[in-house]
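For reference, the chain that follows is the form predicted alone, supplied as structure tokens.
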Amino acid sequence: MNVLILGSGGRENALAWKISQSPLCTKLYIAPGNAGMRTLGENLPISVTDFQAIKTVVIEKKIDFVVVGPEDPLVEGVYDFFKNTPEISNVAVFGPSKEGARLEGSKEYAKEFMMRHHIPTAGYKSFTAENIEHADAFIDSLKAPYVLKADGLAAGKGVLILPTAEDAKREIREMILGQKFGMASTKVVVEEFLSGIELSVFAITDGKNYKLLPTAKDYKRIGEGDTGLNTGGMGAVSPVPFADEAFMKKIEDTIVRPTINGLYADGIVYTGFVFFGLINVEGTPKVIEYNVRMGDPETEAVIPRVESDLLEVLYAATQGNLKETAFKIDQRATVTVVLVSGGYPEAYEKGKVITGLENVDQNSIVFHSGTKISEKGDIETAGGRVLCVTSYDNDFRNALKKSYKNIENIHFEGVYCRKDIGQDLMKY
């Protein structure tokens, strides 16, 4: 079949790397793609939210199957666009409906869903300009620190954890009245702080059945020791050592199954990935957030562990045949470390030539995130997060060593990576 992947980051590079290996894949297209994906398929210079251009190329290239990588097209309703457009309505789309994508598109919607289906999460209240005067009293009712979340999409940066009530009261006004995160923060969810260690769990679902992908833990802060500003993600480890069989059973029983059953009970059309952002609170898993796509950089650690034909599994989900489809996971661990541009996540320069990629040995896989081909034919930086280096081993500590060893071969001006990915997991 002819396959189109929407997206241009490390997540899509990992998906393209795996899908291109499938005997079911006749031709692979990626829109818009990046420098690392040009060897896996054909990059198409199309925005992921330009639905008319996507429609045109789907017809021209005779696309049979569309896999949606990032959240923006899902929240804007790309699934519904396909189903409501006669010329392309028969094309299979892996990604939830616009209603299903609200689980990520609106923090309040996700909270209401969890409350309705008795899924464990932090207590919360939502505020807008109309009721902001009540926010102070709710903040005062909570214990420090304080969690403020922009209701809408804010590129992974719309969550603030604040040490004092005064900070929280000031910031909620900055978010709502000062539009700190633009339209995403016209509504803000204030919730109780949950103390524990985080992990990510992923499921593939056809809306009724599901297959669990490997667990992962990512590292969001720019600085070592989880300090500094939030980023899109600086690295990830899979599996999570503390997520043993008993803990995973709790996650399935209290979170995953009730979520999938809840989507079905609510009549929400949902074929796609479900990302469960979880926290382990003294042995009890609770939901911090849902995403309606794979995480990045967790995908770069998780997808290499899938032994089965991923294309077959994703397509089976769109046909309602997921339950009958085999799904096998590599038992080895993987670690991915992200290389970023100097200055990221604040101002940074693009267009820096990348060298040394050919010196990365076969123990590691390099996934491209923010890269492009220059007019001279060089691979250059084109984003804040530039490359991910993923390695396998039976022990994640050794996988980590392989990734760091190969990172030494890669160079571009201002390159930075965290040197402490996975350090907090060593005790397990």
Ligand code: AMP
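All figures in this text were calculated on a predicted structure; none of them were measured in a lab. The first residue of the sequence shown is number 1, and the count goes up from there.
There is another form of the same protein, the form predicted in complex with this ligand; it is not shown, and what comes next is about it.
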(message) If we define contact as a non-hydrogen atom of the residue within 4.5 angstroms of the partner, is residue 327 a contact of this ligand in the predicted bound form?
(response) no
(request) May I ask you to check whether residue 193 falls inside a 4.5 Å heavy atom distance of this ligand in the predicted bound form? (result) yes
(message) Contact with this ligand in the predicted bound form for residue 353, defined as at least one heavy atom pair within 4.5 Å: yes or no?
(response) no
(request) Consider residue 212 of the chain shown here, and say whether it contacts this ligand in the predicted bound form, taking contact as heavy atoms within 4.5 Å. (result) no
(message) Please pick out the stretch from 95-103, 353-361, 282-290, 303-311 that is in contact with this ligand in the predicted bound form, where contact means heavy atoms within 4.5 Å.
(response) 282-290
(request) Check each of 165, 248, 154, 161 and return the one that places a heavy atom within 4.5 angstroms of this ligand in the predicted bound form. (result) 161
(request) Select from the listed residues 142, 204, 201, 147 the one whose heavy atoms reach within 4.5 Å of this ligand in the predicted bound form. (result) 147
(request) Check each residue of 85-115 against this ligand in the predicted bound form and list those with a heavy atom within 4.5 Å, in sequence order. (result) 107
